[in-house]
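Below, in C-alpha cells: the form predicted alone, a single chain.
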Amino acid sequence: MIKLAHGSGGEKTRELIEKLFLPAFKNPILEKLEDSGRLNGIAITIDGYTVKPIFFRGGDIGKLSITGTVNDLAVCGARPKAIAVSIIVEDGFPTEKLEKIVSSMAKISREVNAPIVTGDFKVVSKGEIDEIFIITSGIGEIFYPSLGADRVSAGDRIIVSGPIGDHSLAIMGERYEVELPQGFESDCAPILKLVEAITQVGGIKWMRDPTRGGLAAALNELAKAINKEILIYEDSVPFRKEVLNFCEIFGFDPYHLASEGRFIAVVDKEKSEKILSELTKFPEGKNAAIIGEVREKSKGRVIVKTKFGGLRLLDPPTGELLPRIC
C-alpha cells in the first residue's frame, strides 16, 4: 500500500524506486537516478507540484514549479531551453488565484529564457484534488557534461550554495501559523546563474538540489552510489538561526528540511576555495560554504562531526515529516 512517506524523498521513496520503477523501466539513463535524464547532449526532467499552501512567503506553486524544473536541469549541467506545463484545478478554483500563479510561472520562465512551449489544462470535480496541482517538464542543452557520482573521489570537498531549510520553514510557517521574523521567506529561486558561474571555474564533479529530504537525503544517496563515507562539519553548515530554533522546539532534524533555491556541489579539493569565492560574488551565494569532504572509507554513509567534536550518523528521512512541501 502506498503511503505519504513514499513521496517524502527519503528511504521509502528510494525503496519504491528500486523495487518498482527501476525494474519496470530499466535502462542505463534511468539507472543513474539523476534529477534529469541526459542523452545526446540534452537533458530532460519532469516533476509534479502539490505544495500546500499554494501561496507562501517568497513564492507560490507557479513559481515553485518552473523554478524546480530549471534547477533540476541546472544541477545536471544543462541550460533550460523549453518547458511544458500541465495544470489541474478543482471545480470552483478562483480565476484570480490562477492568474497570479500563471503570472509567477511566466515571470520565472522569462527570467531564465526558457519559454513555455506547450501545455495542458484540466478541471476535475470539487474535492477530487486539493485546489491545484501542476506538472512541469523541461528540456535543456547540456553545457557541462562532466558530472556524475562516478567522478567523485576521496578528498573532494562538499559545498552548499547558501542557507539550508528555508523553504520548509516558510511552508510550515504558513500552514501552522508559526510566527516567523519579518522578511523571512522561502529560498525558492532559480540557481542557473550560480551554476553557470562555477562551471567556468571547473572541478565540479556532482551536483544536486536538496529538495525533499534535504541535505540528509541527497548526501546519503551520493554516499551509497559511491560507497564512500561523507564527513560533514556541523559548524560549517549555513543553517539560519530561525531554522535551528524551529527544529529544536518541534523536534525536526534540520538536515531533513528542504530548500528550493540551493544546490550541493562535490568539487575537486584544489578548486574548492576558488569555487566558493565565485559563489560569494552573488547575493544568493553570499552564505555559501564548504561543509565537508568525501573520505576513502568504504562505508556508504554520512557522518556529522558535531560542534562539540563528537560524531553522529546522519540517516535519510524514514517517514513523512512535512507533507506537501513541493
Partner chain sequence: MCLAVPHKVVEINGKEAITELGGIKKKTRLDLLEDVKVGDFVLVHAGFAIEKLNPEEAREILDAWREIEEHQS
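Numbering follows the first chain given and starts at 1. Only a predicted model underlies this, so the values are computations on that prediction, with no experimental measurement involved.
Separately, the form predicted in complex with the partner chain exists; it is not shown, and the next lines address it.
query: Which one of 164, 219, 169, 78 is close to the partner chain in the predicted bound form, taking close to mean a heavy atom within 4.5 Å?
result: Among 164, 219, 169, 78, a heavy atom within 4.5 Å of the partner chain in the predicted bound form occurs only for 169.
- prompt: Looking at 235, 150, 248, 196, which is the one with a non-hydrogen atom within 4.5 Å of the partner chain in the predicted bound form?
  reply: The residue from 235, 150, 248, 196 that makes the contact is 248.
- request: With the partner chain left out here, work out from 185 to 193, 155 to 163, 201 to 209, 235 to 243 which stretch has heavy atoms within 4.5 Å of it in the predicted bound form.
  value: In short, 235 to 243.
message: When the contact criterion is heavy atoms within 4.5 Å, does residue 225 count as touching the partner chain in the predicted bound form?
response: Heavy-atom contact with the partner chain at 4.5 Å: absent for residue 225.
message: Since only the chain is shown here, I'm wondering whether residue 178 would be in contact with the partner chain in the predicted bound form (any heavy atom pair within 4.5 Å).
response: Residue 178: contacts the partner chain in the predicted bound form.
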